[in-house]
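The chain below stands alone, shown as structure tokens; this is the form predicted on its own.
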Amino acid sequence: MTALVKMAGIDLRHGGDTVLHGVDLKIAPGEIVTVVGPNGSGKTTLLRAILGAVKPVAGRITKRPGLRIGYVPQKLAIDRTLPMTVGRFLDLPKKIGRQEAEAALTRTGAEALTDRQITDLSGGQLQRVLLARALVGKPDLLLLDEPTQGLDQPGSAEFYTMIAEVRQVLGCAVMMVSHELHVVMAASDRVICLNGHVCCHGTPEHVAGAPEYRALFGTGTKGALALYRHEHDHAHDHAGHDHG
């Protein structure tokens, strides 16, 4: 199976400083990978490198030919005085058909927002619209940079459920940066822990037990992971009903 993205010996700089050193990683089709790490550990820079917005100073990034990437940024600066509807926003930077826009909004539960002003949306509504915009191009890989920042716990849980459904329907791979360790551990196939380099990576269970991870985040996540795994499996057994 050809990897969607492959990094070999990558060094990345941000503002003159090397923030990531010697990164090797692969993203396989259809998997959910979560990137965790303390502030300033290079998580956003890693996503920007995959997008092509940051060039590595060493190493090599290889992408599968024709790879389509959807991106949900950490925050979006919107001019409060700018009149723009959700429908118009989805037409940037290039116009898409009304049908395509409505299909993407429906997929993220935002179909009722087409004619609403972007500036009038709540945090949760805006996240749904940003996700819809990322899905318009039918991505092979969806990059999410702290997508639930500013959402309350039920809002976060709902968003992660939606991501899992999107992955199932579209078959796309997902790579997301998150601080919500207990949730992402349950939602991920694989976790990559960064702190200037890749400290540890593997299944959520493996990473939660790794000494490098525990040194950064303590041991509290292990119990939360078990709890969430149980709830997750329980929800799965009930024909995939929304749980959380």
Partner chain sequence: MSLLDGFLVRAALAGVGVAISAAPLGCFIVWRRMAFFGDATAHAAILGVALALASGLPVFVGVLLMAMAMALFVGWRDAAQSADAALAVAAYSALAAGLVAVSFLEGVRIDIEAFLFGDILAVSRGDLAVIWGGTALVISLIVWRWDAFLSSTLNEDLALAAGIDARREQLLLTLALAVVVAVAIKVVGALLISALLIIPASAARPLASTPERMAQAAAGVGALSALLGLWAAWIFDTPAGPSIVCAAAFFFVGCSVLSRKSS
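Residue numbers count along the first chain shown, from 1. Computed from a prediction, not measured in an experiment: that's the story for all the values here.
Keep in mind that the form predicted together with the partner chain is missing from the display, and what follows is about it.
> Using 4.5 Å between non-hydrogen atoms, is F89 touching the partner chain in the predicted complex?
Replying inline: F89: contacts the partner chain in the predicted complex.
> Does at least one non-hydrogen atom of G52 fall within 4.5 angstroms of the partner chain in the predicted complex?
Replying inline: Yes, G52 is a contact residue.
>> Whether D79 contacts the partner chain in the predicted complex should be assessed with a 4.5 Å heavy atom distance threshold; does it?
In response: Yes, D79 lies within 4.5 Å of the partner chain in the predicted complex.
>> Does any part of G97 reach within 4.5 Å of the partner chain in the predicted complex? Heavy atoms only, please.
In response: No.
> Going by heavy atoms within 4.5 Å, which of 98-106, 80-88, 163-171, 146-154 lines up against the partner chain in the predicted complex?
Replying inline: Checking each option against the 4.5 Å cut-off leaves 80-88.
> Of the options H179, R214, R48, H201, which one has a non-hydrogen atom that comes within 4.5 Å of the partner chain in the predicted complex?
Replying inline: Of the candidates H179, R214, R48, H201, R48 is the one lying within 4.5 Å of the partner chain in the predicted complex.
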